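There is one chain below, alone, in structure tokens, taken in the form predicted alone.
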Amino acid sequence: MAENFEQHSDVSAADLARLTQEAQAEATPSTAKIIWSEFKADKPAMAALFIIVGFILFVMIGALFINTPKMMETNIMGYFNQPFTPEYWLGADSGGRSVAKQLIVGSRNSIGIAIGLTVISSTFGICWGLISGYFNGYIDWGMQRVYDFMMMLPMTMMIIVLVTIIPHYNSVTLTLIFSIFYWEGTSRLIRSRTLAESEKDYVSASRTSGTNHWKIIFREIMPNISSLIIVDCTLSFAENIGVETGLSYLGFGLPSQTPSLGTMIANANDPNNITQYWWTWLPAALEIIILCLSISYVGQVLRRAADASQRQGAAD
């Protein structure tokens, strides 16, 4: 009789624990639900998200149906055609080339470079900052001397020199050249936060228990600074759109026969284009402004969602 009672009590305790865990899992929203709820609460950010995703999909898919070499051929009959004509939705430039088609292909090139640059430079900068800040000591000292040396180099001049001496470069080559120099800011930011995190109790407890250093860095410290990483990557993406645009505007970006947002804005160098032929540069300028503002809105929502997720994890 007593044995049956004890067995029944054990089963009831196990069922109670299981039900409690299921209830907690249902009560605790997932990260995806937290992000979605933040977007639903912020209507401008929701609109910005649709603008970014929709526009990127549009230019990436639309560029596949445009013959770029044929598009860049000179058409004297289309010399500075005005917008809203059958063949020229957004007008034509001095070579009779469609501004709308150049905007699609140029946006694809500029956004592709910005995405690639953000992925490469942010990944390298985050890893560099995490390792430098966690190990500290001589490792941190040596890594920071490399950082100081890179910061002393004139970044813009070095990029211009590399672009000049490399024959037949393309968007991939340009992205790799940019990535050599644009990881420093991210690494410095992540290092400073990692130095603070590595002094906290949960890191000390993991070290004492013999947890592998790389697990501590990438499974414990990095998730706890995810909000900082999200904001930095978002702002870096908006900044990297301007990096390619600025160099192409100066004539040191993509080749002249490869359209980009920078080469289109460079049409504003001619005073006549600013006043009379505004359609040759204004659409690209407006696109950059709208994209950067939209990316900023989305980044703020992702930061709030990451903070809420961390607070929920700490509460659990």
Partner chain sequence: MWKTILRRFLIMIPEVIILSILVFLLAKAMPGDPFTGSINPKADPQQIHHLMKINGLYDPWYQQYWQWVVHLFHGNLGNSYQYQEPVTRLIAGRAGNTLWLALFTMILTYAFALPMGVFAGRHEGKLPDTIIRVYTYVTYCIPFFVILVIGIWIFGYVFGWFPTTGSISAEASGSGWLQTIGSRFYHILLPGILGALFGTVNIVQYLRSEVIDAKGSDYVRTARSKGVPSKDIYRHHIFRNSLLPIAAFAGYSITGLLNGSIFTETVFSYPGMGLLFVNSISYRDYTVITALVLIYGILNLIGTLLSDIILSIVDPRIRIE
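All values derive from a computational prediction rather than experimental measurement. Numbering follows the first chain given and starts at 1.
Below, we turn to the form predicted in complex with the partner chain, even though it does not appear here.
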**Asked** Is T156 close to the partner chain in the predicted complex, meaning a heavy atom pair under 4.5 Å apart or at it?
**Response** yes
**Asked** If you check in the predicted complex, is V161 within 4.5 Å of the partner chain, heavy atoms only?
**Response** yes
**Message:** Residue-level contact is defined here as any heavy atom of the residue lying within 4.5 Å of the partner chain in the predicted complex; does G246 satisfy this criterion?
**Reply:** yes
**4.5 Å heavy atom contact, G242 and the partner chain in the predicted complex** = yes
**Prompt:** Can you pick the stretch from 141 to 149, 172 to 180, 109 to 117, 207 to 215 whose heavy atoms fall within 4.5 Å of the partner chain in the predicted complex?
**Reply:** 141 to 149
**Asked** For the spot marked by A268, L282 and I288, is every residue within 4.5 Å of the partner chain in the predicted complex through some heavy atom?
**Response** yes
**Prompt:** Since exactly one of A32, L64, I274, L57 fits, which has a heavy atom within 4.5 Å of the partner chain in the predicted complex?
**Reply:** I274
**Request:** For the heavy atom contacts within 4.5 Å of the partner chain in the predicted complex, list the residues of 286 to 305 involved, in sequence order.
**Result:** I288, I289, C292, L293, S296, Y297, Q300
